[in-house]
Structures are given as structure tokens and as C-alpha cells.
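Single chain ahead, by itself, as C-alpha cells, in the form predicted on its own.
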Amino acid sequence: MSELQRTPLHAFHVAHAGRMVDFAGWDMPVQYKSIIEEHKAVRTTAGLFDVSHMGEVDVSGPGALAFLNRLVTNDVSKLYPGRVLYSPMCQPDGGAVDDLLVYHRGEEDYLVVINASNIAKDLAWMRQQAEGFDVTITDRSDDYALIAVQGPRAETILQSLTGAKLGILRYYHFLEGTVAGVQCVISRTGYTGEDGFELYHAAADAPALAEALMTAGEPHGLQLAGLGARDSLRLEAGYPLYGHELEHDLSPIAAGLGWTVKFKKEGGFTGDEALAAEKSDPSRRRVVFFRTGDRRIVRAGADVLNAAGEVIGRVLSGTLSPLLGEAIGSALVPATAADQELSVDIRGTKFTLHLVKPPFVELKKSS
């Protein structure tokens, strides 16, 4: 068994009583005190997350734009310096290799942020797909640490530590500046559905930056938050998680991410023909979101039943919504079944799945 990888904040987590778990080969905090308390702090004040396990890749060169636009389903040509783009990256059969963020830093200069569990796979895929393009791909994952401050008080906390004008920084935009004396890429992005920021910075600066943020945030209710709260927050917001709502055999069309698939962009993209065929297929599969009206969590992998009791799908994600006080989740079912009665069986008790168009709760992210 290989040794778990550690982020630059590992000692910080241990010192703050983080409960450490194996997450995709990384020793990460799942919680500090209570997942529910950490979740509610992000919805009402602010939470600080270590997401340094994410991967960062430089993509540069004269062919960078053409390469990226062929690689991902969204339209990279719409970016401009300071803008961020979310997009799936697909195989020729339409299945997702990963979902990622593209940062446009300047002419022929992009930063791509990928999921921690997919770093090696994504890099191999990107380098394979780069054949024929005048582009340089450089893995920078070990150079960066990434701290996210999320919640309605995030701007107030961060502004006290930087001269950057956060009030004019719009959602899915970024700028460069110092935070507590640490040079950062300050990105108004996040994975919680709340307003907030993600701070990319040199790995060696992470402990000092985290301590400075906690000190500045204490009067505003900032709490440390672990992977448990990150997952319940993203599910409440209706955001997909690779390995659940997106997978190698699960496309962005099935995942309800059709808004990120730009069939009309110039030159096309890897997987476009398969995704177009899937979109027009009435028998395609579809990811749906549900609530149950009960507190018992519906675990991923549970069978989804139709009115006749037949298995027609499976649960992809499930958790307890701390704000709603009931179980919520996502499931994969035939698109034709999405308007029919659906249920799950938990230890002999049947629970109806009440389908919901996410988000499950009102979100307050910046415009």
C-alpha cells in the first residue's frame, strides 16, 4: 500500500484537530468538529477549505487556444485575460475524462485546474491529445497550494488582508495580488454555491496564509471546513462530482451539463459526434436530483425502483442536507422515467424520491 500524499497544510490540519482520511490517495481532513456545523458556517458566515490536492497544469504556446478548444466541450475562445471557464473534457464516445477550470492569463497562456484523483490520467490524456498542436503542457501541481474561503463573509475577511479591489471582481473572474503578504491568484470561484474566493499561491506560503486568514476571519465566524462539508455543500448546490454525476461512462449531456457543450464552436471538439447523438436519443440516461422527506441517507449505489418495483437506475450521491434536515441526492435513470414515480428501498422501507431542480437551497453567489 503506497503512502498517502500530503498537502502543504497537513501539519496545520493535524494541529487544528482535523479528522484525517484517505481521499483519492491524499491524507485530507474530512471534518474538524462537525460536518453540519462547518456546512452551516459556510451558508451563514464563512468556511476555509484546503483544496491543495487539486492539480494545476500550464498550457501555453501559439497553439494553446486551438488545443484547449478541441480538448474541452465548452468554448475557450470566449475567454479573455482574467476570465475563468468551467468545462467537461470528454473521450470520443462522450464519456467524461474529467471536469475542469480554464484560466486565461494572457495571450497563449492558460492555467487548467483538474481533479486530484485524475491528475495522472488527465495529464496523459492531454499530452496524447496535444499531438499536432504547437503547445507546451507543464504539470505545476506540486508548485501550487490552493485555499478556498467560501461564504457570505468571505469578501469582508479577504478584503482585510489585501489591497486588491474585490468588490469589482465578478464571479468566475480572477486577478493577481497579495493576501497577507502572499502573492496569489485571487479567483472568485468555488464549489459550495456561496460567494467566495479561491487563492492559488506558492506551496511554501500555505501555512502562513491559512493562519492569517483564520485570524482575520475569527471575528466574522470563519470556521475550518473539511471534505464532508464540501460534499454536502456541493450537493445542495447541485454541482457534479467526478466519479458520481460525471464518469468515464457518464457524459455531460446525461449529467445535465448541456449548457457546457458547445456544438457550434469552430473546429468541433473531442466527443462532439457522440454527444450530439446522445442528445437526440429519447432513450438516453439522465441524472436527476431528489429529496426524500426523511433524514435517513440514501447511499450511493442504491437501486432506484419504478412504480412496479423494477430496478431502473442507481443512486449516484446521497447525504443529509443540514439546512433542509432531510436526505437529498442524485440518481441516474432513463430520461423517459424522470417524470414517473421513483423510489428506493432502505432496509425494507420504501422512500419516494421527490425530484428537485437544483439548487436545493437559495444560493448567494456573486454575479
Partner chain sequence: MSNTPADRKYAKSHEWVFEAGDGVVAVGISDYAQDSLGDITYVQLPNVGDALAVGEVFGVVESVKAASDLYAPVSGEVVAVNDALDSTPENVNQDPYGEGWIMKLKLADAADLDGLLDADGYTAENS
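Note that the coordinates shown come from a computational prediction; the quantities given were computed from them, not determined experimentally. Numbering follows the first chain given and starts at 1.
This next part talks about the form predicted together with its partner chain, which is not shown.
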- request: Decide whether R296 counts as a contact residue for its partner chain in the predicted complex under a heavy atom distance cut-off of 4.5 Å.
  value: yes
- prompt: Would M54 count as touching its partner chain in the predicted complex under a 4.5 Å heavy atom rule?
  reply: no
message: Taking any heavy atom pair closer than or equal to 4.5 Å as contact, tell me whether L342 reaches its partner chain in the predicted complex.
response: no
- prompt: Closest heavy atom of T319 to its partner chain in the predicted complex, within 4.5 Å or not?
  reply: yes
message: So if I measure heavy atom distances to its partner chain in the predicted complex, which of the stretches 319-327, 46-54, 333-341, 65-73 falls within 4.5 Å?
response: 319-327
field: Candidate spot R127, T136 and T138, all three touching its partner chain in the predicted complex (heavy atom, 4.5 Å)
entry: no
- prompt: Since the partner is left out here, which residues of 26-47 would have a heavy atom within 4.5 Å of its partner chain in the predicted complex?
  reply: Q31, S34, I35, I36
